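Given as structure tokens, the chain that follows is alone and in the form predicted alone.
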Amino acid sequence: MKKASVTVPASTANLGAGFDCLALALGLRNTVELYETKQGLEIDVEGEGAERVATDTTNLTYRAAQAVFEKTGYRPPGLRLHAVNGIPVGSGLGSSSAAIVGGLAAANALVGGRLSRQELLRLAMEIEGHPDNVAAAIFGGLTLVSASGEELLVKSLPVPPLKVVIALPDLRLSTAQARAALPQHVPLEDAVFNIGHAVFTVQALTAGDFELLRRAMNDRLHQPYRKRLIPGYDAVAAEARKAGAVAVALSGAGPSLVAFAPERHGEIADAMKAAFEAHSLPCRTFILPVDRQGVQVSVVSL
């Protein structure tokens, strides 16, 4: 019998103009422990959002593990899954992606690592429905990903040490809601704008060029539509910039916002929290480093 222990980072996706193709792994982690047992299934969850996470066969981490077992033809006699969530659920910080990657990586460890990270990414995309957060969770760093049909391009780029500020308002906003807010068609001018700004966002982050990031991290494809779902969005972004942020963006589908700055992270966090609370939304803030490792796995024999 074996036990796999896995930690998976949070992620902030889109980064302004890079809709569904850019994500940055962050230093906030979920832990998944998956044990082989003699029979049955036992799932327990603690930490962030534990009361909202299923503990039966609909559990997302368990479903991901089963996808690996099915693909490799492995049938464990029984399983125990223990999850400790450090990533807030439904926050725009890739909690569902971390749950999926945790299950995939843990199950893959139990079958002897038969699947490559690229294969795990394909499975993760099938479950999650989009590739950006799962790619960052697997590979770490600044992740570029493009998926269309059978084509899959992914690249993880190193970035200089930096910290971001996350402001998470007490607001339920599902990815489905956020995607429903988007138009089916956009003007060609807006698409071209985003292509250019996504390219320069990558350059700014990899070079640690905050002045370029100030100009590059703008978007016309999703934020103008999604920010309407978040009371106080414009005020929070404005207060973050006043406090020293060079760029502010919606983190994934929201409701959290991410702010980039070379310094004054505490002041920026306080300003964002106060601005949300001025709009009657309690808010938590996090100051997080970039995670460069991605998913980490260890296996022990019981």
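Predicted, not measured: the structure shown is a model, and the values here were computed from it. Residue numbers run from 1 along the displayed sequence.
The following text describes the form predicted in complex with ligand HSE, which does not appear among the structures shown.
Interface residue in the predicted bound form among A253, A65, L28, A240, criterion: non-hydrogen atom within 4.5 angstroms of ligand HSE: The residue in contact is A253.
Contact segment among 171-179, 213-221, 158-166, 79-87, judged by heavy atoms lying within 4.5 Å of ligand HSE in the predicted bound form: Careful reading of the contacts points to 171-179.
Partner proximity in the predicted bound form: N133 to ligand HSE, non-hydrogen atom cutoff 4.5 Å: The answer is yes: N133 has a heavy atom within 4.5 Å of ligand HSE.
Exercise: A10 in contact with ligand HSE in the predicted bound form, heavy atom 4.5 Å: Contact with ligand HSE, no.
Heavy atom within 4.5 Å of ligand HSE in the predicted bound form - qualifying residues of 18-33: Stretch hits, in order: F19, D20.
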